[in-house]
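One chain comes next, on its own, written as structure tokens: the form predicted alone.
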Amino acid sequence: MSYIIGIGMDGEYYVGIDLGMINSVMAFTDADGTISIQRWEKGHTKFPSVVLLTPNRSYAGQLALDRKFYEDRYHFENCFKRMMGTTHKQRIYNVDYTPTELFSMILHKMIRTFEEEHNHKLERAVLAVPADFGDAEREAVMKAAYLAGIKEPKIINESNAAAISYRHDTTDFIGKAAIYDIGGGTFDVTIMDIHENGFDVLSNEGSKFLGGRDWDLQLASIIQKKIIANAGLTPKDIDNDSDLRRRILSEAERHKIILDRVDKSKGALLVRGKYIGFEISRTELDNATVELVSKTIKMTNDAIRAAGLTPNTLDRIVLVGGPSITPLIRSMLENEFPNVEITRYDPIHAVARGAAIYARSLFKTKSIKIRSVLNKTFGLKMGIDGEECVCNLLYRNVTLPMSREVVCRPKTDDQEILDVAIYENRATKGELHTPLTRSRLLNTFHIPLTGKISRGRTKIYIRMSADLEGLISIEVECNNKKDTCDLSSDIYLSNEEFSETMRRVRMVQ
């Protein structure tokens, strides 16, 4: 997600973009703070987060969806948000595309459309990311912003942006709230103390592999079984028909929305020249997705405990995100937290609106104060009692910024290289060590050691820090020589690669 400020001939605009896995939304404020939602083709406020690639050009948004009917050869990309921060590449028409580049195409198209409509140049941005995004994912989003033309990107958590919007519209609320934010691809729950002077984040929990798309897939599975039974097909027939699978998923997306309002829905799909009818009920959908809701409730309870609270000390649960309108989510939360007020707030636009409000504060008024916490635990691989494990240094759910230093020794005299392996995990404060199997390797750095190196005497200082945005930096010092370790180096490109990638991004239609 990104929030951008643009200054033009007629004044100032402060823009917030909810860059989602399925759809993106842009909001903006003027110099006086009036908030508006940007509208796209046909007056829609949602910009499809999709890219269509052809041998000659690329398209983003609604145009990408429309061009499928006119192109002889094309490759369609969506739902790549979950791959941000990885080294994953997909080779399409002899070009390697990363999730970062695909996101930058969507972001660039949105920015360019806004600039053309409002005659404003957008150069500074606040990028909102899921609270569960680690350092690698956050760096990848920052890189996407650079590729899209944003010169000064900043980061905020999506749930924080939603809370800002909620506080803006509910000025009388002061207290401890859980922001239950379920989007198309990710889920976050943030416990925060909302007060007159700002927002204090107490804890975060979530998953970048849990969102509305998982509801779609469960419903698609139900429809697929009905199509198999009614059309006399086999599961292998479905596996071999990619077009039918896509149409089943599209039907699932449509009927999920219908079942939010009614108990039953009927549909039909063209299969081998005949329309095959089916009927699905909300009960079937609820039975298939109850485990998904249960996961979000467990994370909500975990977040409450991590914040040092109990459910009875929580004042309010605020539901945001498109899937939050699902009746089962509301009913299960009410059963789990009977003494807590539960309210649904602007499911589609909350994050973008909050982003725009925060952009105006960040770049002009300085009126909003947020104290966030680190979302993951970070540490170094070390040998403890003969076993390799992660020595945790910076802990999740601790208020930012933070810094910690450890001292280690070389393994041998005259050692020339120090290997520094950085890991992240979900350990809580007080868990000094975590097994490698429960941690994610972010990067390994090979630091050259200079000067006289003695196994028993030389001290090597390793300092790990997290800034206000939760970005991690590492510094290694030995014999008064300092080296820095850049965790995002694996997702960086050479100057030539960066220029070529930027050229492709700027040409998206």
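One-based numbering along the sequence shown. Owing to the predicted nature of the structure, the values given are computational and were not obtained by experimental measurement.
The same protein also has a form predicted together with a small molecule, omitted here; what follows describes it.
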* Structure fact -> Per contact check vs the small molecule in the predicted bound form (non-hydrogen atom within 4.5 angstroms), the hit among 144 to 152, 324 to 332, 360 to 368, 198 to 206 is 324 to 332
* Structure fact -> Contact with the small molecule in the predicted bound form, heavy atom within 4.5 Å, among Arg396, Arg167, Arg213, His108 goes to Arg213
* Structure fact -> Residue within 4.5 Å of the small molecule in the predicted bound form by heavy atom, from Arg353, Lys376, Lys256, Arg138, is Lys256
* To do: Spell it out for me: taking the small molecule in the predicted bound form, does every residue among Asn23, Lys81 and Ile348 have a heavy atom no farther than 4.5 Å from it?
  => yes
* So in the predicted bound form, does Gly184 come within 4.5 Å of the small molecule, heavy atom to heavy atom? -> yes
* To do: Answer for Asp260 alone: is it within 4.5 Å of the small molecule in the predicted bound form, judged on heavy atom distances?
  => yes
* 4.5 angstroms heavy atom contact with the small molecule in the predicted bound form for Leu19 -> yes
